[in-house]
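Below you'll find only one chain, the form predicted on its own, shown as structure tokens.
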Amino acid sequence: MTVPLALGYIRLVDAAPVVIARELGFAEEEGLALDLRAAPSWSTLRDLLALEQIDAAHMLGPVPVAMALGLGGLTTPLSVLSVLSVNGNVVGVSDALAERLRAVGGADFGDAAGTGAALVAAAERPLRIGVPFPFSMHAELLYYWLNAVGLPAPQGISVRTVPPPLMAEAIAGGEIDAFCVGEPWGSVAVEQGVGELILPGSAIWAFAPEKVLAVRTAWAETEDALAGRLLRAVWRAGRWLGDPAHLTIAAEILARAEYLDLAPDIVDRALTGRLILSPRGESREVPAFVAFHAGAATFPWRSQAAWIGAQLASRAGLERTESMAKASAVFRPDLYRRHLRDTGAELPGASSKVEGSLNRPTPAASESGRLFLPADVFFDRRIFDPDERE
């Protein structure tokens, strides 16, 4: 007998682990009947989880941290059982802004510093940039990148909240000049001939946690066994997605009408990292454009949560050290280790690390002794040590 479990998600490629967990039977193997519910916006999804209308959610990593810091209205304590995906975002611009970029030397899709300098030179007014939600890695990557290249953000730009499926429509209608969004919605703008991609999110931070598996903390405590079954099902789905031989099937499943309702080849672009940048057909292959498994991609590092907490605190005027501590407590490596110990998962020996310090795959202490962490550098080569106090 299976136990029903309601899980909310947004129509994005990085919802793949929860979709695959349902469609390929990983949830059923754990005795779960996953009821996947697509939400129209991130605010709706957050509210559904906080108000106990669903049990778990495919969620933006910064949302549970923002709630822990008292930002955004709702403060229901949430716990992150795992990271669902790493990277997977693109920065794109309108056709008009793309023309201005070419006039000042153009954008190099892999070069965040050079593309940022060109964007600053091409901007004719405060840029109107669409992001899916104020508390999102999209926003954090934009602010980090633009500040580093000399464009004060968010002060020097106009940030608009646009649900991912509406991003192409917003740029076509002249509501925004640029966007940072998860795939496939950047590729949809290219496909519709209304925008061009100028940068992958991974060019800003090489290993940025994107979506997470979030539950109410109270639910995780009272339904510990159920939380473990969910975590194992989704982890196994992520491991399946980590095999390149499975990506064509994954694209076909995600493309179905009940999920993304798009042509499979558009979904395939994100899964394989073979992106088409403009309506003229320029293409670029981005290794590990989105990751679901390799390099302990799903491990909920407390240092990643602390980085998010530090960024939010700096803009909200909150005390940094306290905010980092509250943020770190949201990510739950303790639950991850306990529930995945018997699955063969690579379990890091530490719960935090220095973010941005690895410029190549590097061996790391783990229970198996076989873990290699991938490069995680920030484009400006800064590092973030959660143990340092300013």
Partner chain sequence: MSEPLSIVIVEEDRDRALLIIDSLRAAGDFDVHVISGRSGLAREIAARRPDLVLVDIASPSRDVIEELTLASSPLERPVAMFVDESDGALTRSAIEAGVSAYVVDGLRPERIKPVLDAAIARFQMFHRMRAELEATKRALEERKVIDRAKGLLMKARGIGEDEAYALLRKTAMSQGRKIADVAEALVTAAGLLS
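Keep in mind it's a predicted model, so treat the numbers as computed, not measured. Numbering follows the first chain given and starts at 1.
We do not show the form predicted together with the partner chain, though everything after this point is about it.
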Q) Check 184, 242 and 261: does every one of them have a heavy atom within 4.5 Å of the partner chain in the predicted complex? A) no
Q: Answer with one of 273, 163, 279, 228: the residue that has a non-hydrogen atom within 4.5 Å of the partner chain in the predicted complex.
A: 163
Q) the partner chain isn't shown here, but in the predicted complex which of 364, 36, 48, 340 has a heavy atom within 4.5 Å of it? A) 48
Q: Choose one stretch from 79-87, 128-136, 192-200, 287-295: the one whose residues place a heavy atom within 4.5 angstroms of the partner chain in the predicted complex.
A: 128-136
Q: Although the partner chain is absent from this view, report whether residue 26 comes within 4.5 Å of it in the predicted complex, heavy atoms only.
A: no
Q | residue 42: touches the partner chain in the predicted complex, heavy atom cutoff 4.5 angstroms | A | yes
Q: Decide whether residue 175 counts as a contact residue for the partner chain in the predicted complex under a heavy atom distance cut-off of 4.5 Å.
A: yes
Q: Answer with yes or no whether residue 53 is in contact with the partner chain in the predicted complex, where contact means some heavy atom within 4.5 Å.
A: yes
(Q) For a quick check, can you give me the residues of 206-244 that have a heavy atom within 4.5 Å of the partner chain in the predicted complex? (A) none
